[in-house]
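Encoded as structure tokens, the following chain is the form predicted on its own, with no partner shown.
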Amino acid sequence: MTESGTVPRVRPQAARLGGVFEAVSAGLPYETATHEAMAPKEAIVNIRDFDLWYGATRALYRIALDVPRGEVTALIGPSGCGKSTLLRSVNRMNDLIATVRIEGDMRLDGESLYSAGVDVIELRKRIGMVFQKPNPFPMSIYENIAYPLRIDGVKDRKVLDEVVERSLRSAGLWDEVRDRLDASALRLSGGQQQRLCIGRAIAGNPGVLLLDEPCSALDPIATGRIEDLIQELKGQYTILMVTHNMQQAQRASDNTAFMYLGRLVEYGPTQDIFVGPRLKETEDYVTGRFG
């Protein structure tokens, strides 16, 4: 949706060139084809006219996206299209790259994420993130979950115990590790490590959970467990995820945003994107005709 409440469409000059991809490749202005069904949904994250450069290289072009509260939204598109860059911008992970420059804004519950007074450390407590490869800390299972609370000054063992159990239950891992919480997290399987990382990310009870290709390093069984977990967590958390797997996006998400060369091409309910997309380019991508 635009600020005026209208649904953006492809501009005529883009269409005349012969299609979205040709228009984007030629650098012509392009506005996202956003489905009307997205309009009534309450957004927790609002992205407006967001641009990002790595030095002189522009990676994102005027991204406008509302992420609905309590739902799972998938970012799809070819490699290098800007999905992970956009995801990492939501909790300002790109701040760690010296050459990054941005324009536009992102808001969480109406508060700008990029205003001068934002405490980035506090922001990242409200927006958890899980990366492509599991990255448990080289410490016990218990301490992996407790660590974010400890660095925040929590010392009460009862509180820590409660958070560890709650987080591991939410991550679908409690029954598997309850009798070995003092064991090294590095001894867990890859799928268990990824669920542990999800448990660690939600230990501080964030409003938004970012998942960057959370299953790419996992086998099909572990992938299925993560997808089931995503369904269990939605509602309690708003989930924004990047995936290259079209079947995973279709199974696990409520909404899908298709990106190409740094642009957000089409955005709508997942069922509509996969069954009745507005654009032929979106249909070609989700059906495997390119990419």
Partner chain sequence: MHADPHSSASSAPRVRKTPRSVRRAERLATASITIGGLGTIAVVTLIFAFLLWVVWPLFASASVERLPTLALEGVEADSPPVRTGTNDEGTLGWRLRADGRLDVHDLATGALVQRQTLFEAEGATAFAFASAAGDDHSLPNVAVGFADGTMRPGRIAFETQYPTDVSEGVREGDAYEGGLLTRTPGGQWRLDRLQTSLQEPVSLASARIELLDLSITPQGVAYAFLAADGTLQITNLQARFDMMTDREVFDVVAKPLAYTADAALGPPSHLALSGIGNTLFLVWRDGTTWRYDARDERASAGYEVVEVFDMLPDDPEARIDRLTHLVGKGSLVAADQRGRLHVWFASRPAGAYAADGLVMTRGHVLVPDGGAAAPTTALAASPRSRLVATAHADGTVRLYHVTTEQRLVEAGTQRGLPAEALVIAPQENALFAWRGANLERWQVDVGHPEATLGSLFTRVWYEGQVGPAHAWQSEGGSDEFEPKLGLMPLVFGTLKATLYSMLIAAPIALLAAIFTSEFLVPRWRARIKSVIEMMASLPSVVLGFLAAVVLAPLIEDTLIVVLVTFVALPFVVALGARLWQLLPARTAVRLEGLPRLGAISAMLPLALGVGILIAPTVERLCFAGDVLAWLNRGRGEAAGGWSFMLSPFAFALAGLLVFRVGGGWVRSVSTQWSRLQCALVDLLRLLVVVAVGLLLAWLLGLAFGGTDPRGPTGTGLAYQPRNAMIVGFVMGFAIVPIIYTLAEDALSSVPRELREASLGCGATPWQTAWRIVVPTAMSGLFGALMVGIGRAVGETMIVLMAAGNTAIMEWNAFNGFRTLSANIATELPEAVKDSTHYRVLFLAGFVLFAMTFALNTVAELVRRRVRRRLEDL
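Given the structure is predicted, the values throughout are model-derived calculations rather than measurements. Residue numbers count along the first chain shown, from 1.
Keep in mind that the form predicted together with the partner chain is missing from the display, and what follows is about it.
When contacts are judged by a 4.5 Å heavy atom cut-off, Ser140 counts as touching the partner chain in the model of the complex. Contact check for Gly117: a heavy atom falls within 4.5 Å of the partner chain in the model of the complex.
The partner chain is not drawn, but in the model of the complex it has a heavy atom within 4.5 Å of Asp182. The closest heavy atom approach of Phe131 to the partner chain in the model of the complex falls within 4.5 Å. Exactly one of the stretches 71-79, 185-193, 106-114, 165-173 approaches the partner chain in the model of the complex with heavy atoms within 4.5 Å, and it is 185-193. Annotated contacts: Lys234, Asn245 and Val275 are all free of the partner chain in the model of the complex [non-hydrogen atom within 4.5 angstroms]. Contact annotation: of the candidates Ile102, Val177, Leu160, Ile127, the single residue with a non-hydrogen atom within 4.5 angstroms of the partner chain in the model of the complex is Ile127.
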